[in-house]
Ligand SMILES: Cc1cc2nc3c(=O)[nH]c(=O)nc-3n(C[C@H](O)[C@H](O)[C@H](O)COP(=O)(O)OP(=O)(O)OC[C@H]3O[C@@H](n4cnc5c(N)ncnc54)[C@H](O)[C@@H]3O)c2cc1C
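To begin, one chain is listed below as structure tokens, in the form predicted alone.
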Amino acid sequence: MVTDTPGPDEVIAEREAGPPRVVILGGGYGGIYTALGLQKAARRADIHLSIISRDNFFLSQPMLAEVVSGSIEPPHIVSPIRRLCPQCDFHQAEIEDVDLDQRQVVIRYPDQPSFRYIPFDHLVIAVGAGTDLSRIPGMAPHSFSFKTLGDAMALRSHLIGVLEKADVEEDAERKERLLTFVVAGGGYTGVEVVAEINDFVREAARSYRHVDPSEARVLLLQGASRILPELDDGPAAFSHRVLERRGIEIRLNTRVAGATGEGVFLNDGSDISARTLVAAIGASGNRLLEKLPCPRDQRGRLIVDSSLAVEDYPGLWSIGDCAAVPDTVRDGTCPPTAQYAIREARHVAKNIMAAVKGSPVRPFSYNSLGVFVPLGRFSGAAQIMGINVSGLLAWWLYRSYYLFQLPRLKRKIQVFIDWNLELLFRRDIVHLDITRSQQTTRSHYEPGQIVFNQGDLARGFFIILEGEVQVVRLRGEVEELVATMGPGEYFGEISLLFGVRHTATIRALTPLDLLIMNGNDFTALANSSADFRDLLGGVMRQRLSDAGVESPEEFNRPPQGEADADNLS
């Protein structure tokens, strides 16, 4: 039941009027398998079950990398939560807060301005981990994250788009930059993604007449002294050899120090020119947990006891990536893998029912069956019950295990068919542009990098957030410094409003962060708002006067080196 703004007495009355309310936060492995474990109890009306998740589907995360290469169709690794858990009340909503005193979850439905309140007796927090790339300059705006189905589809679309551009690129340096692919992070996710990118790009390149598969350069950057720190030395070393044999460059003890749209800067002072950077790093605590008074570990995870309960908070449980679950078999905490999340979910469902019935809860203990890492087509590495397995057998075991873990028979059949079609036919290279025009984006530049060149077509309106730029123009072969600009200043408006090419070059003088408004959106805003256009008018007239330009029509021809220009283009 959802109420608008219930008071404490109303919430308590509702709780006493019906069966105990169990609310699950999160629609990943932890949340969904907890709900599956409680379905029978909900059907018998022993409990009232609710799930709250941002997405209305469950995503099989371990198969996400295969969406990038086209081995699996995107819809085949997602399942609608309403059909997986028909005995629960499902809410697709943003979780705004958790009120532990009033024992209610504060949510907001999409496109709805008001909050709603979901009361609970038992609350399972399984919201997963977050991602924070803000500590590395330029990493967030210039890299592809890899957590959601949308991330995988966007990356696949980008890879095909890059191949299309490389096929017609005549400049050797720009073509090399287009065909360089960098993955930061050598853990599970990074290795899976780099292997799939490598397989896909080299296979797809054969369909492009002017792209040789050998021109593709794929790099894996790992900050530690070896990849796959989750595995023993033997399987990790085998994985390293396989990836290198497949043409992947691996750089150990190497971290990303910064990123731009044109390349990656490394901690040793070197850089890699590339248009593709995938971030398999930056795991952080979920921001929702920061609002709770509960104890958290150094990684921002909720600290739970052996029964998966949060101590001193009766009825509060946590599992999965957002929880520091004690590993009673080994020292430390349980690893954040799908395999452990499933076992934790099944166990917490049993403990919740035990608590509802007044029975004692049991400690969680699980001895992992093994670890699987795919290394591209027909190869993998695994540790199964202490035995190291590699090559084709490990690859087959990996696929078999996660195929079995897929919920719903329909999805199992669809993925099995996808895998068999992949063996018979080449993977698809249809380029679907799934991006939407954005009014504003952010971009980062390092000193010396060019924002745009004199003579380039206008593409946006630029506002300086941090750093400084130089405005320069060419007179013949002589470069003339026109101005230096800093935070709060802007450029690009004259070219957009008069529909002309940029008549000056903008170069980053210091590390630079820009806010960029799409040119079409800027023009529409200027045309629709007289106040906005008047605000810019005074500045434009002054800049035209300073440049000695009597008429904007002088901008209607590409600059030839001697043309006068506005100081900001």
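Throughout, we count residues from 1 along the sequence that is shown. Note that the coordinates shown come from a computational prediction; the quantities given were computed from them, not determined experimentally.
Another form exists, predicted in complex with this ligand; not displayed. Remarks below refer to it.
Point to revise | Contact label in the predicted complex: Trp317 to this ligand, heavy atom within 4.5 Å | key: Outside the cut-off, so no.
Check your understanding: Is Leu64 a contact residue for this ligand in the predicted complex, using a 4.5 Å heavy atom cut-off?
Key -> It does: once this ligand is placed as it appears in the predicted complex, Leu64 has a heavy atom within 4.5 Å of it.
Check your understanding: Is there a heavy atom of Asp521 no more than 4.5 Å from a heavy atom of this ligand in the predicted complex?
Key -> Contact check for Asp521: no, nothing within 4.5 Å of this ligand in the predicted complex.
Review point. Can Asp55 be called a contact residue for this ligand in the predicted complex at 4.5 Å between heavy atoms?
Key: Yes - in the predicted complex, heavy atoms of Asp55 and this ligand come within 4.5 Å of each other.
**Study point:** Answer range among 307 to 315, 245 to 253, 226 to 234, 333 to 341 for contact with this ligand, defined in the predicted complex as heavy atoms within 4.5 Å
**Key:** The contacting stretch is 333 to 341.
Check your understanding: Looking at Phe462, Phe120, Phe146, Phe364, which is the one with a non-hydrogen atom within 4.5 Å of this ligand in the predicted complex?
Key -> Of the candidates Phe462, Phe120, Phe146, Phe364, Phe146 is the one lying within 4.5 Å of this ligand in the predicted complex.
Review point. Looking at Ile77, Ala126, Leu221, Val325, which has any heavy atom no more than 4.5 Å from this ligand in the predicted complex?
Key: Filtering the options by heavy-atom distance leaves Ala126.
Check your understanding: Taking this ligand in the predicted complex, which residues along 276 to 313 bring a heavy atom to within 4.5 Å of it?
Key -> Heavy-atom contacts to this ligand in the predicted complex: only Asn286.
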